[in-house]
Ligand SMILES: CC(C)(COP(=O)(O)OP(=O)(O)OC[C@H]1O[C@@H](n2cnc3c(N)ncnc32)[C@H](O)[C@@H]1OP(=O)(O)O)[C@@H](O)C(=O)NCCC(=O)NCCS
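Okay, so here's just one chain, in structure tokens, the form predicted on its own.
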Amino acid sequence: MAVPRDRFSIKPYEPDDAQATIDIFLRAIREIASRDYNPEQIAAWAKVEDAEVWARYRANRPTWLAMDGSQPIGFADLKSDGCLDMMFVSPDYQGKGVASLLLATVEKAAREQGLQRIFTEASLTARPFFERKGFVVLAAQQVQKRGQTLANFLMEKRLA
């Protein structure tokens, strides 16, 4: 049964949300991206070495949390240059419209800032979602994370 989209809400990131975003990030990589990357790549990617640095990073740019009631279920951010740096959804909420809601929030904020485009470095896992949402691949990339090489895609979407 489909979950009604209006069940979910968006709220701005607050400092107390740091651990929830870390948990969502780690679970999404370990449980979802692990379909497209090998165990060594997942181990290199799914690390948060310093929760305080993470919290400062989240607080230094607009970041939004998708909520199911009082439960954080996803998050996304937007850098001032139009980079959607992070967007992760809890494995329990995959395919329920949460990423679409987060992306709509990011796009609205980008338009309000007068940005002409948003761009991201999408994982193998995320690429199909972004393509469905109007992003185009600018380049296939190989990125290094803690001694592992991971494939991803530089993608952008022009904003009307």
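Predicted, not measured: the structure shown is a model, and the values here were computed from it. Residue numbers run from 1 along the displayed sequence.
Another form, the form predicted together with the ligand, is not on view; read the next lines as being about it.
Think of it this way: in the predicted bound form, the ligand has a heavy atom of just one of 33, 67, 46, 110 within 4.5 Å, and the residue is 33. Taking the partner from the other structure, the ligand in the predicted bound form has a heavy atom within 4.5 Å of a heavy atom of residue 128.
Although the partner is absent here, residue 100 is a contact residue: one of its heavy atoms lies within 4.5 angstroms of the ligand in the predicted bound form. Within this chain, residue 134 is remote from the site of the ligand in the predicted bound form, having no heavy atom within 4.5 Å. Although the partner is absent here, residue 95 lies within 4.5 Å of the ligand in the predicted bound form, judged by heavy atoms.
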